[in-house]
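Only one chain is shown below, in structure tokens, and it's the form predicted alone.
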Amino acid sequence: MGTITILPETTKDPITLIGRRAGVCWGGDVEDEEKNYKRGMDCIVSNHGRTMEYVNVELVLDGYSARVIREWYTHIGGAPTRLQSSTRYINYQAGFDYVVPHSIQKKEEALALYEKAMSDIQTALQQLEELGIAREDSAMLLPLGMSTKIVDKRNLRNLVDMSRQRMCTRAYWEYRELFRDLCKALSEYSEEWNWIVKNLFAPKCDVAGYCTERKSCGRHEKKAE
């Protein structure tokens, strides 16, 4: 699967930062980091979600499919922004990496068919370039399974909301793997992030105490009608 790099602009002490920002409006002592941490925990436990929007998260996501990155973009709350590998300037005619679904990897015949399709696309890209077709036009052939790279910026509140949907067993398999990679990367970034990942990131059924989906995976019982 792909790799996630946590950029240094990401808030190192998210809980303490929340306490600092809240302390300004509460008339609190924002110079005492221990008090800031306790105040930040109070905001989180009290579900004061707006304070989490001050926590900055900047990432490089590399090696995931263009398809799953399109889904990543749907979580637009909290004014996130991103840049993605260009299909106008990068030379995909020379070759491109792509994601192979697990179901295809398991079947030799299916894998051969899948890889041939990708090879045929690359050959077509090369032939179109020889015919003088601009890369921005021939790039229309590129498949959603092609791996891509983005630089992403968002905040903690947005990621908590994302976890509700994308840690669900019924979420798209590659997105679930991407989010597990994100949890691991953030957990290793600092002790405060480790606490946040373990305590705030969870599928919506764990939060609600019952399954909210029409078709349940069985992790939790559905709420009685």
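Start at 1 and count along the sequence shown; that's the residue number. The shown structure was predicted, so the numbers you read here are calculated from the model rather than taken from an experiment.
The form predicted in complex with a small molecule exists for this protein as well; it is not shown, and the discussion that follows is about that form.
**Q** Would Gly77 count as touching the small molecule in the model of the complex under a 4.5 Å heavy atom rule?
**A** Looking in the model of the complex, residue contacts with the small molecule include Gly77, since a heavy atom lies within 4.5 Å.
**Q** Would Arg39 show up as a contact with the small molecule in the model of the complex if we use heavy atoms at 4.5 Å?
**A** Heavy-atom contact with the small molecule at 4.5 Å: absent for Arg39.
**Q** Any chance Cys183 has a heavy atom within 4.5 Å of the small molecule in the model of the complex?
**A** No, no contact at 4.5 Å.
**Q** Can you tell me if Asp161 lies within 4.5 angstroms of the small molecule in the model of the complex, counting non-hydrogen atoms only?
**A** Yes, contact at 4.5 Å.
**Q** Where, among 59-67, 25-33, 164-172, 44-52, do residues come within 4.5 Å of the small molecule in the model of the complex by heavy atom distance?
**A** Partner-contacting stretch among the options: 164-172.
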